[in-house]
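Take a look at this one chain, the form predicted on its own, written out in structure tokens.
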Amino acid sequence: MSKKLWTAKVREAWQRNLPIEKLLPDTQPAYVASWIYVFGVLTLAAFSIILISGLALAFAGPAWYHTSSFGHWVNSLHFWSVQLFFVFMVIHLWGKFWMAAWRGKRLMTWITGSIAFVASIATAFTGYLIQTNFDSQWIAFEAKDGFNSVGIGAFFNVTNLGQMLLLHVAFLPLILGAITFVHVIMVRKRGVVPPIDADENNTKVDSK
């Protein structure tokens, strides 16, 4: 008997750990109807708008979003999407904290969500640094002293616009997106955490 190809092994491992019924479910537990479960999806929706508007800003460049009226609108859309992203994420994070969301073998789900929160702060910080206005200049030079005081200013030069632009547009969003993808996959694998006083095998309701 010939050995299985690695593609077959990957497929079988995927089907064993995350069958299609879990990846794309058409029912959810009844307790998911509670409003606290909405904020995870709202965070993902805000993140999607951030990525789309951010791509438009990156391709058009600072001259466009500083002088064009439509560029101003896209820039504002990007900015306010970030604000909503953090509002939704913080509510989601605290909601899951008080629900002890690491229960039921969901520790890695909780950890990946927490890491995503930290990565989003770094991404937003570099976003403030590349606004190319007086706000970003003030933030950069104030932050420079802080980073120099802990000895990492030579590696993370916040006054270097090119370096911050690369981190904000290419590097950090990829990391944040990858962590978010893993987080969502783990939610699908383990299921959403039930309230502490709820039965995890509660009656299923149609999600349509």
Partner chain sequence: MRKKLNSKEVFDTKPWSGKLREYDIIKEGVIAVVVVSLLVVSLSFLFGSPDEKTLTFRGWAQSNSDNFYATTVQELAGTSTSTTYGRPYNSNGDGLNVGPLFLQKWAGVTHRVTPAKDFVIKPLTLEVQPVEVAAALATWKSATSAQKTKWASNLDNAITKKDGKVMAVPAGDFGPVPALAKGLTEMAKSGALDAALLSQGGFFQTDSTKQILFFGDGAYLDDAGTAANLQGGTWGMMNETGRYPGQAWLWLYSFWYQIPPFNNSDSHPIGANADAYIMFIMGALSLGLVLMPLIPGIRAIPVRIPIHRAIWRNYYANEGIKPRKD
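Residue numbers count along the first chain shown, from 1. Not measured: the values here are computed from a predicted model.
The same protein also has a form predicted in complex with its partner chain, omitted here; what follows describes it.
Checked against its partner chain in the model of the complex, the candidates V32, L172, A58, L51 yield a single residue with a heavy atom inside 4.5 Å, and that residue is V32. Not displayed here, its partner chain is kept clear of A178 by more than 4.5 Å at the level of heavy atoms in the model of the complex. For the chain shown alone, V182 is not a contact residue for its partner chain in the model of the complex, no non-hydrogen atom being within 4.5 angstroms. Mapping the unseen interface onto this chain, V10 falls outside it, with no heavy atom inside 4.5 Å of its partner chain in the model of the complex. L23 belongs to the set of residues with a heavy atom inside 4.5 Å of its partner chain in the model of the complex. Residues are counted as partner-facing when one of their heavy atoms sits within 4.5 Å of its partner chain in the model of the complex; in 152-171 these are I152, G153, A154, N157, T159, N160, L161, G162, in sequence order.
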